[in-house]
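A single chain, nothing else alongside it, follows as structure tokens in the form predicted alone.
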Amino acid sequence: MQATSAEPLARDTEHRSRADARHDLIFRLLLRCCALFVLATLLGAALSTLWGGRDVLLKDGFHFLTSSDWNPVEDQYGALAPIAGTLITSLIALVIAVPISFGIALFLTEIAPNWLRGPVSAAIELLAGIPSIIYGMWGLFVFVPFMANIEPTLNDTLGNIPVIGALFQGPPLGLGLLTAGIVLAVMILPFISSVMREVFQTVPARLKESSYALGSTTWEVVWDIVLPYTRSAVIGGIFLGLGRALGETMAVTFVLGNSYNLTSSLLMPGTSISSSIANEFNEAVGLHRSALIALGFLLFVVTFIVLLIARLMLRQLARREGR
């Protein structure tokens, strides 16, 4: 009697185990397909841009990367000016945005009173949600005239300093690499500061309180406790902002000036990969269209290199922390 009642229970248990194993396998396959879909999408986009730019790459080869000529009338194309403009404006944005973001995150986590943290955090999140075209319009109608008024002062002061003076010499146009870099800094600042604020809040309160109890100042607590504890996440947030700056289109197009001339001055107009594509793709045909698609592939490559550097830095930091 007991054996007879135990057999259905054993069959039910076996059936349930098989069903659980089948469901687990389906779940794993579904997750694997999601991950492969992302990789396939990225690879497909990269290969499609490479295929679309094959004409100019086969025609000019490596010269396409080293030339600054861009003349659609004579079908002469070079990617050096857009690449340089993209990297320079992104570097300017990082130099400005990272210290300010660090100060904002430090203020919100260590200094600001409770009644002020909410409004400031909400303002930062609001800045992150503003469309890029709004930043571009603000930059063109408000910030460009402001820069045109102060660029003569920059030319007369910083322009006379040896070595770096050439960076600040030029006519007061308002449009240029420096203006675009500052607008980009305003755009990526909320992303970097939000990441820093979140990771600073993960530091255990006991560590900071112990340091304060030993007589450390706020700066010493941040430098010796908070930053070492959150170093990897902070670097990840910085590279997240850099990736945002590298791919920005509309805001940069409004204020960069869209000139393919390479100069040493940050006050002169320039161009970037994304702004070149946005400005000319609608009217491009033939080799001109191929050159713009090739620029899109180069943007893929630049972004991939930046992310690879970030991964290598984080891995190196992880090894040092493991020691």
Partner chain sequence: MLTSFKLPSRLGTLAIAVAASMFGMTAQATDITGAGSSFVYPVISKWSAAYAEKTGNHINYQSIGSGGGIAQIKAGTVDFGASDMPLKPEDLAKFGLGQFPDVIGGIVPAFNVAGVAPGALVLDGATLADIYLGKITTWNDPAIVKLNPSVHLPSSRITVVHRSDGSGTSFNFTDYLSKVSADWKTKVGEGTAVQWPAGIGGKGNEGVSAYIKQIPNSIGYVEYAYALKNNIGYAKMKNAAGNVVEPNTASFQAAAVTADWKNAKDFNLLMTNAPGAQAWPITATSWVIMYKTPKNASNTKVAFDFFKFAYSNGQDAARSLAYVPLPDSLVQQIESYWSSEYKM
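Predicted, not measured: the structure shown is a model, and the values here were computed from it. If you superpose the two forms and keep the largest set of C-alpha atoms that fall within 1.5 Å, you have the rigid core. Numbering follows the first chain given and starts at 1.
One more form of this protein, predicted together with the partner chain, exists but is not displayed; see below.
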Heavy atom within 4.5 Å of the partner chain in the predicted complex, from candidates A81, I92, L175, V234, belongs to L175
Consider F254 of the chain shown here, and say whether it contacts the partner chain in the predicted complex, taking contact as heavy atoms within 4.5 Å.
-> yes
is_contact(D55, the partner chain) in the predicted complex, heavy atom dist at most 4.5 Å | no
May I ask you to state whether N71 is within 4.5 Å of the partner chain in the predicted complex, using heavy atom distances?
-> yes
Could you confirm whether P145 comes within 4.5 Å of the partner chain in the predicted complex, counting heavy atoms only?
-> yes
Among 225-233, 166-174, 202-210, 82-90, the stretch whose residues bring a heavy atom within 4.5 Å of the partner chain in the predicted complex is 166-174
Heavy atom within 4.5 Å of the partner chain in the predicted complex: which residues of 271-304 qualify?
-> A278, N279, E280, N282, E283, A284, V285, R289
C-alpha of F27: shift of 2 angstroms or more between the shown form and the other one, rigid core aligned?
-> yes
